[in-house]
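We begin with a single chain expressed as structure tokens, specifically the form predicted on its own.
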Amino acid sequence: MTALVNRPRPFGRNEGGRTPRPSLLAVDWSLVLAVAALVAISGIAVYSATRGPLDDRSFVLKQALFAAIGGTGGAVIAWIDFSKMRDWFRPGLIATLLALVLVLTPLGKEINGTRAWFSIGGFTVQPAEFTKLALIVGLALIFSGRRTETLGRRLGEAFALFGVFSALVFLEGETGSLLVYGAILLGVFLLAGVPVRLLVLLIVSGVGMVSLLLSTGALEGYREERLLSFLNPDADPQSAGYQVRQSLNAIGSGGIDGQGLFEGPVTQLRFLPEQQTDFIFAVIAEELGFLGAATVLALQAFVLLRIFRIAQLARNSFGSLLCGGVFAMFAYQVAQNAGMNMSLGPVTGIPLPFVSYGGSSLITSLLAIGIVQSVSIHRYRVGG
């Protein structure tokens, strides 16, 4: 993995001695098509999960708007040389920290016991989602900076950035985002060549911290019950374990080819709470069966493979680390979301990338793809 950061980069000038300009030919179109397919599946699944007896289309229309905003923003980012992010990071960091602080004030909106959103014109915005991108860029800058800096200083800066973001998000009660931040940190560390013993220490420390939170009651009772419900959903089938049990019912009833689009009984009778967001994977599995769920996972795996390949081809370590952070973010979210839907992991509220309903999540995911495409498009430019 460390070879991705340290090996020579394929950048240079063309035969005329000029720096190549961005070209549509440098866009990774297979990545674009895979993401577009996932967004299209999202529209169908969200509509099925929310249409109700009155054929309500408001959710799917909002999801289409989110996709348009995120896609446009991602396209703009892709066309700008990713090295410019060095100049954008400081004002972006200030804006991110300000948003994380303000959401804890009365300006923030509380949903399901978590104060993590702003309500703007009928839409909700979750700063913790966009913080993922700030963390990725910040870590990439730290580990691609001047080689005169010691590993200890780089690690100190990385933990400081991670710690400040995590503390503010923990105060919001957004435990799911904390796990994603940890995955991003671990992924960038691995790609940057941090010694394995330190990575093992980081993992052990993370597990110890979670155990401490659970054992000391630092988490509110219902959050702790929700996190641990996957271990035995039948222990409290009408409360903490209800979502997991209904998700398993939906997935189990789907069989190989599903109950049929808009025909899943668990989905259509609204037995599964948050089925358009956290449990959209169960909706797909019930109505489109194993084949539909496997298709979604195969598309997610293809997206990850293309991001990994672009990281290999990046012109410098900054580009590689940006892609590595995005890779870690998506990989963890896919594994965690699918896992909690199948009772293989805790219920954390982590969305399925590109598929779960939600503006902040979808826009963040598409902006992240824009960053990756920028690394691809500008991989032949001369300079840092």
Partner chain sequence: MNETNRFEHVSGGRFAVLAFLAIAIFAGLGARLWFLQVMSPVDFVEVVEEQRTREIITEAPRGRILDVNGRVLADTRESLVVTLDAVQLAEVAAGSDAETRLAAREVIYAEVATILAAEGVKAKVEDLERTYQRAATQSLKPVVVAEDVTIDTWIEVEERALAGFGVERRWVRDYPYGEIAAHIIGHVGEVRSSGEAAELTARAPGRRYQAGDAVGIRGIEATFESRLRGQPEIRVIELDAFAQVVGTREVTQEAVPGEDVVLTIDIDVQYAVEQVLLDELEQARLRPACSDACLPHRGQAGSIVALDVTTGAVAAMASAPSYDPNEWVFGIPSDQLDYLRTSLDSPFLNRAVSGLYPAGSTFKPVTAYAAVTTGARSPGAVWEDEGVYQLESCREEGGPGCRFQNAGAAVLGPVDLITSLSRSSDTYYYSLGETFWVERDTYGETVIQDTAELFGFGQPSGVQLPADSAGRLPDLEWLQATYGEDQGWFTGDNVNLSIGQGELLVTPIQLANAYATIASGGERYEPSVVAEVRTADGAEVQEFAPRLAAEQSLDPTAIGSIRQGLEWAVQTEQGTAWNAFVGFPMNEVPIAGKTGTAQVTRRADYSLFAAYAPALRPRYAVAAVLEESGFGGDAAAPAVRRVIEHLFEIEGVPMAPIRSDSGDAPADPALLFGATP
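What you see is a predicted model; the values in this text were computed from it and never measured. Positions refer to the first chain, counted from 1.
One more form of this protein should be noted, the form predicted in complex with the partner chain, which is absent from this view; the next part is about it.
Undergrad: Flag this candidate site as yes only if 144, 270 and 335 all have a heavy atom within 4.5 Å of the partner chain in the predicted complex; otherwise mark no.
TA: Contact check passed for all of 144, 270 and 335.
Undergrad: Among 99 to 107, 77 to 85, 159 to 167, 297 to 305, which stretch sits within 4.5 Å of the partner chain in the predicted complex, heavy atoms only?
TA: Heavy-atom contact with the partner occurs in 297 to 305.
Undergrad: Which pick from 178, 311, 133, 184 sits with a heavy atom within 4.5 Å of the partner chain in the predicted complex?
TA: Answer to the contact question: 311.
Undergrad: Please pick, from 195, 260, 208, 91, the one residue with any non-hydrogen atom lying within 4.5 angstroms of the partner chain in the predicted complex.
TA: If I apply the 4.5 Å criterion carefully, the residue I get is 195.
Undergrad: Check residue 281 for me: does it contact the partner chain in the predicted complex (non-hydrogen atoms, 4.5 angstroms)?
TA: Close contact exists here: in the predicted complex, residue 281 approaches the partner chain to within 4.5 Å, heavy atoms only.
Undergrad: Is residue 137 close enough to the partner chain in the predicted complex to count, meaning some heavy atom within 4.5 Å?
TA: Contact with the partner chain, no.
Undergrad: Using the partner position in the predicted complex, report whether residue 43 sits within 4.5 Å of the partner chain, counting heavy atoms only.
TA: Taking the distances in the predicted complex, the answer for residue 43 is no, it never comes within 4.5 Å of the partner chain.
Undergrad: Quick one: does residue 344 come within 4.5 Å of the partner chain in the predicted complex, counting heavy atoms only?
TA: Close contact exists here: in the predicted complex, residue 344 approaches the partner chain to within 4.5 Å, heavy atoms only.
Undergrad: Since the partner is left out here, which residues of 282 to 297 would have a heavy atom within 4.5 Å of the partner chain in the predicted complex?
TA: Counting only heavy atoms within 4.5 Å of the partner chain in the predicted complex, the contacting residues of 282 to 297 are 285, 289, 290, 293, 294, 297.
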